[in-house]
Every structure is written in C-alpha cells, then in structure tokens.
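A lone chain, given as structure tokens: the form predicted on its own.
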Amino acid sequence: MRIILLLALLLFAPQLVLAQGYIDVTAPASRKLKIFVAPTSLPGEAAPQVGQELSELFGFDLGLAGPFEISPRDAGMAGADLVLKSAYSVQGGGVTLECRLVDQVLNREVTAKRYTGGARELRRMAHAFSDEVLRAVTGQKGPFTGKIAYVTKASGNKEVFVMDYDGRNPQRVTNNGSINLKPDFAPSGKEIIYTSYKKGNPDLYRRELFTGLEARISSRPGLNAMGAFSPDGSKIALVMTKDGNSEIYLIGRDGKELARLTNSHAIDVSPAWSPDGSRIVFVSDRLGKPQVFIMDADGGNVRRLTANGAYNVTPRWSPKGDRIVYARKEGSGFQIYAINPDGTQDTQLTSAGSNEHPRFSPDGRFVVFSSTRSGSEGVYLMRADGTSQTRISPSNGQDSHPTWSGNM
C-alpha cells in the first residue's frame, strides 16, 4: 500500500502543485504569473503581420485578464512561468492554428488546442485559445469569444452594431435610419432584442443575428423598451407605458403578455434578472429620486438596494449573483459603482469622465460600459474591480449602450 501511495504521489504531484499554484495567483494580493507570448510560427506564404497580430491579440487578452504579467518580447522566455506558443498554417482554402501553453517551471504542457477554419476566423480561433488558457489557470473559461452589441451614431443615426469583445470586426445589425436603443443578447448569444422607432412608436424587436430574421414582439401604445431576457431565454422583462405610467412587465419570446410586475405612481424602469431568474433588479423614483430596488421575479418582496447617492440608474447583475453594477449621478455626469445584493460594499469603480450602462462579461471578470472621458462617447472595458480601464470602440465613434454576449 505504501508503494502504491508513493507511486500515486510521484505521478500526480506535479499536477497538484500546478493547479494549486495557479489557483493561488487569482487572489488579488498574489504574485501574477509571468507569461511569454512567443512569436507565431508562420508558413512561407503568410504575411508577417499575421504573426504580429496574433501575438498582440494573445497579449491583450491575457494582459487584461488579471492573473498574468506579459513578459516583454525582448526578454524572451527568461524568467517566464508560462510560455504560449502558436503556429499558423494554410491548407487549401482554410487555415489551421495550433496553440500550446507550456509550464516553464515544471517543464510540461498545460493545455494545447488545434483550430481549423477560414482565414476570417483566425482571430476567433486565437480568442478561443485565450479562453482555454484562463480555464487551465483559473478553472473558469474566459469570455474572449463573446460579442459586444452596442449603439453607434457613426452613420448619423443610432444603429445597433455587434463587434468582437476587443473592438475588432464591427458588423451592422440595424440599418433603418431611425433611432435604435438598448440591445440585449439572448442567453444563446444568437439573437438580440432592441427598441426601435423605425415605425414611429418605440417598439421592441427580436432579431436573429445569423439569419437576419426579425419580429416586432411588443408594439403596445407608448414605450416598449429596456427589454431584458430571462436567464433561460423564455421570458423578457421590459418597460411599457400602455397603461399611462412607466411600469415593468413580463412577456414571452413571442410578445404575449404574461404579467405586470410593478404597479405604482412612480416611474419604474431598467429591469435586469438575477442569474438564477428568481429576482429582478430595477430603478424606481417611488421615494422621490431614482434608486435601485430588487423584487422577486413575480413582482413581490420589493426592497430598496442603494442607500447612497440621490440618482442611481441602469443596474445589472453579475453572472455569479454576488455583485450588481449601476451608474450614479456625480456632479454633471455619472460614475459606475458595484454593490452586493444585500446592500453592502458599495464601491466606486470609475472616476474619469461620465460613465454609464455597465454590463458584466459572461464570466464576471470584466465590466463593459460607455464613457465620455476621451471627448467622444465610446465603449470601454475594465476588470470587475475597476482596474485596467481600456477603450475598445473606434476613437471617432459615438458609441454607447454596450452589452456582452456569451461565448459564440
């Protein structure tokens, strides 16, 4: 028995040390892992900029993530804990990307993946491996293959676009020359809902991203806006004024009205679901000024969440259910805060410019938001603790209302 135990320890000890070491570095006070992104191996016919683009992509993804310190290229592998190696090849009309993460300390391969597809999918493949690196190091897959839907005035009108999480590959979703607002992804990431004035009234639409098929699912008189999918995708919470006041309702995916959740003299807006679907956070001025409240998913058990500030709006729950982000009016603009669902640890995350519309990434590591800090309004990312605030949308755009899909 002692021999068997000894053999087991010899066999599995490196993996146990590796996992424990990686888990430890995810704590804020722990040392970051140094990772060296090796230059991508390229075939003779590949343009050199392909390798540079892939190296920069891996460095951006993993540098933003938190657990890593990216080693300078001129430093090489010296002193690095981990080395990311990649090779790109062309095969007929397709491409192949092979990636490996190697532990320098234990001299072993941590994870490896091989991806094939068209040339236009190369960045998606690389983001997919960044997701896998985070899974190997932290135990939770990264969000880098997700998409961000947002509203832009780049064309002169407010239209909905979708882009990669890092701001690349923007694609137009609406093109109706009207006002389009507040996109929200279905849990599948394959469709969105948004409000549009294209038929005169602010109506709610549901649109499939890959086919372009669209349906107007709520066109009651007055406002049909701020739609939010339930976690299972079967229901939508939204704001309507059909009964004369701004109230929160539930409808099905087909637009059939299911329930009225609020019924007060106040303005009730901005519903957002808890990740288990049992509660809804929303904004109401029922106490005089806009504040954040929480209610059960059937409209009962309403309680006030925010106790600080006189004007708090646009809340959104984290995927783990442990934090809620929202925007608070500070002077002439807004700043983003995060708070526990029990009202504790109300923490300011931004301070530069005016910042609104915060939304968590699917894994809860990041928050996407809009900000005016650089002059024109743009879409930014930050870690959930407020660090590494980075603009991702084009510098010449007027971009707002971002929301992050699950991995595609």
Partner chain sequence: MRKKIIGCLVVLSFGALFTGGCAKKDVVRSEEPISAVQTAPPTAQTTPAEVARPAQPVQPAQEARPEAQGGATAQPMTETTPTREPAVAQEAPKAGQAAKAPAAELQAELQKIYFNFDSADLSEESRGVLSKNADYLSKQPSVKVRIEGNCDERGSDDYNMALGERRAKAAKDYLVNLGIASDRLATISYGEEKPVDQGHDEAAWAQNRRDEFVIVK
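Residue numbers count along the first chain shown, from 1. Values in this document were obtained by computation on a predicted structure and should not be read as measured data.
Another form exists, predicted in complex with its partner chain; not displayed. Remarks below refer to it.
Screening R168, R114, R260, R303 for any heavy atom within 4.5 Å of its partner chain in the predicted complex leaves a single hit, R114.
T211 is the sole member of S278, N308, S234, T211 with a non-hydrogen atom lying within 4.5 angstroms of its partner chain in the predicted complex. Although the partner is absent here, I294 lies well away from its partner chain in the predicted complex, with no heavy atom inside 4.5 Å.
Among heavy atoms of G244, some come within 4.5 Å of its partner chain in the predicted complex. Though the partner is left out of this view, A186 does not reach within 4.5 Å of its partner chain in the predicted complex, counting heavy atoms only. The closest non-hydrogen atom of G222 lies within 4.5 Å of its partner chain in the predicted complex. Contact here is defined as any heavy atom lying within 4.5 Å of its partner chain in the predicted complex, and by that definition not a single one of R206, A272 and S374 is a contact residue. Residues of 373 to 389 are not found to place any heavy atom within 4.5 Å of its partner chain in the predicted complex.
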